[in-house]
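Here we start with a single chain on its own, the form predicted alone, put down as structure tokens.
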Amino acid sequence: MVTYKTSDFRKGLKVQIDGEPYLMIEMNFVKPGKGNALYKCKLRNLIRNTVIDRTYKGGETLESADVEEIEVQYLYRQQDRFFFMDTKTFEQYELTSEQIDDNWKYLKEGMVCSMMLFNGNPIGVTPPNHVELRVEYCEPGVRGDTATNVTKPVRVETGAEFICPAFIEIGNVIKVDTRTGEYVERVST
């Protein structure tokens, strides 16, 4: 198993603590006047999505996490289970709604996503940064309401709701940023 010394610590590093994978989301090097250098780290658990703070002394090591990312295609949803297929090996993976979290809002059948595996088991999926979704329901815009930044909720084909400008109508295709969950633009079809 590969180990990382404190001098290798950096943002984006995937490490294993107590048998679970963590992503280093922040790392600060502190050199006090006396004594060892300290490495203050903020780590996000890749399974539970919790964040912990840890401080390591210079020279300590952490195990690397057996985490890999693969390209998968979203197949379908059955109650609270989501099914994906590896685009290279055609192996199928199943994730629960807890593992998917809020990403269900962006998943369309046939969409290619990035899946994270820990020791060969799926732990999460990341949709593309921007997705195009068809509007299935929204209230009609009020005629003559031309004030800037007038918004309304719209429901899209995945069943999710997003806040969009008042000019969006049923049947429009909107582009949504999956990292923020915000409307980006109306897509011409």
Partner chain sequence: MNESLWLERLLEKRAALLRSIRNFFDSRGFLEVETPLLCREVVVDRHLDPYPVTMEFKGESDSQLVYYLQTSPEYGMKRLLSRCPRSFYQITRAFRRFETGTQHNTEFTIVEWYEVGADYEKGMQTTADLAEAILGRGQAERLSYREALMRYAGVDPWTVSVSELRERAIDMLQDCSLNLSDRDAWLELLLTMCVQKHLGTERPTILYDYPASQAALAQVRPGNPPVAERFELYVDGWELANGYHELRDAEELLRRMQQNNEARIARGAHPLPIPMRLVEAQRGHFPACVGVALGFDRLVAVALGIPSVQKAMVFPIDEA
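Bear in mind the structure is a predicted one, so any value in this text is a computation, not a measurement. Residue numbers count along the first chain shown, from 1. The term rigid core refers to the most C-alpha atoms you can superpose between the two forms while keeping them within 1.5 Å.
Beyond the structure shown, there is the form predicted together with the partner chain, which is absent from this document and is the topic of what follows.
Looking at 65-73, 24-32, 160-168, 122-130, the stretch with residues near the partner chain in the predicted complex, meaning non-hydrogen atoms within 4.5 angstroms, turns out to be 24-32. Taking the partner from elsewhere, R48 is found to have every heavy atom lying beyond 4.5 Å of the partner chain in the predicted complex. Heavy atoms of S7 reach within 4.5 Å of the partner chain in the predicted complex, making it an interface residue. Contact annotation for T61: none of its heavy atoms lies within 4.5 Å of the partner chain in the predicted complex. Looking at K42, you'd find every heavy atom of it more than 4.5 angstroms from the partner chain in the predicted complex. A displacement of 2 angstroms or greater separates the C-alpha positions of V30 between this form and the one not shown, with the rigid core held in common. Relative to the superposed core, N121 undergoes a Cα shift smaller than 2 Å between this form and the one not shown.
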